[in-house]
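Just one chain is shown here, as structure tokens, and it is the form predicted on its own.
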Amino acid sequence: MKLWEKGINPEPAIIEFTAGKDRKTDLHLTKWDIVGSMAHVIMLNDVGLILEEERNDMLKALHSLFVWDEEGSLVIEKDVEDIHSQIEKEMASILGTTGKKIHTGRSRNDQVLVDIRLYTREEIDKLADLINSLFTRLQSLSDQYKDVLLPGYTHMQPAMVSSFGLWFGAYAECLSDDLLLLSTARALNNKNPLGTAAGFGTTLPLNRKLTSELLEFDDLLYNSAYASLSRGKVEMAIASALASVAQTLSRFSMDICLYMTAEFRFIDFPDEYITGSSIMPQKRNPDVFELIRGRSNVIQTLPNEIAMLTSNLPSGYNRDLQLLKQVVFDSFDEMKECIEIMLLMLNNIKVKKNIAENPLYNTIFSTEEVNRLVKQGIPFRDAYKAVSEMVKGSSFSRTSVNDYVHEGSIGNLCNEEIAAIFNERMKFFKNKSAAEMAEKMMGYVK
């Protein structure tokens, strides 16, 4: 079944190629296609395009399809092009003529748009919850190891005194800014395209604000032509947010891999969390973090992939846009898997103490000595030169670490302030599940 059939049998190879992976990819959208259809049916009755009895029957039928989907018994049949066609076929089978009215005032274009936006909104909220868990764990580790000193590196050389508290906390605050980007992408995504039809509106008297309220969108996508133009734009915003999170995971994973080497051995994990070699008995490999790093780096290519797909398209719908779905859906799955396994690893991390007592790191205390001399009234440049000569002549001795009191230093991590900012940003991710929204729609059945 094709929604665009006109009594001509298309060449099977054409159908197979143009459908692509939609019959598999669209299964991600099933529950949201049904919820969007329920809102559409309620609106059609509100504007007088279907009777109240028809609305009730259609809502009941759609709800039964929702239940079938949850049970795993709703599938896209072999001769059906996509989930939208399958739902319409099921409705006609259940309700006959009444079921055929479900597409009134809709194009497959705005139907796909609303499905993707509802699905993506849910995925963004799920990802935010996982980021929240990772943020909480990093802050917990930061507090736990705030007094354990760690050499801070610049240019891959020992530079200044740092701490595990500062290191873990840095990546926690990094996630806070990632969350801000994700909330911006969510805001762009959470606008209603339903009712824009094929991108040029319709002569039917639709109430688009009603469907916006029912589907809990923040507002409309007002201009019908922009609804089509927004394909690629909103995905780009989402991809950029995902890429930002991926960069955080990738850089943290790189640090872990480095700190696990025999030369560093700053951290470790239980044997059951480490892989080995088929030929070298001594090997303890950080495969999990290498794969997080690699998979995160692939996610960081997503904005460019979307740009290459969409940057030179003319206005209006173009079939190229079909290819956006799979890459975005896959990236959400990849991101969630990476965060979940990282949480597992961080729940079992071992931190080595007394690292800074190694004479190898004596010179990372040289800046503290410069500052000690400055407090005695010696000009900074003179103090710097004096300590430089001590380091050069191998006469510098480690000094004590104290007076780190300013905000964001090893003595004043400001984790509570960072958590307050993060928690305020988390309030943006709040919508109901598809099941909750379907039940809400059923409240219109009388």
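Keep in mind it's a predicted model, so treat the numbers as computed, not measured. One-based numbering along the sequence shown.
There is another form of this protein, the form predicted in complex with a small molecule, and it is not shown here; the text below is about that form.
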Exercise for the section: Considering only heavy atoms, tell me if K146 and the small molecule come within 4.5 Å of each other in the predicted complex. Expected result: no
Problem - Residue contact check: R117 to the small molecule in the predicted complex, 4.5 Å heavy atom - result: no
Exercise for the section: Spell out, yes or no, whether the shortest heavy atom distance between L175 and the small molecule in the predicted complex is within 4.5 Å. Expected result: no
Practice task
Would you check, heavy atoms only and a 4.5 Å threshold, whether R319 touches the small molecule in the predicted complex?
Solution key: yes
Practice task
Taking 4.5 Å between heavy atoms as the contact cutoff, choose which of L249, I87, V112, L221 touches the small molecule in the predicted complex.
Solution key: V112
Problem - Contacting member of R295, R208, R121, R108, with respect to the small molecule in the predicted complex [4.5 Å, heavy atom] - result: R108
Practice task
State yes only if every one of D129, K336 and K432 has a non-hydrogen atom within 4.5 Å of the small molecule in the predicted complex; otherwise state no.
Solution key: no
Exercise for the section: Just one of 344-352, 320-328, 160-168, 370-378 has residues with a heavy atom within 4.5 Å of the small molecule in the predicted complex, so point it out. Expected result: 320-328
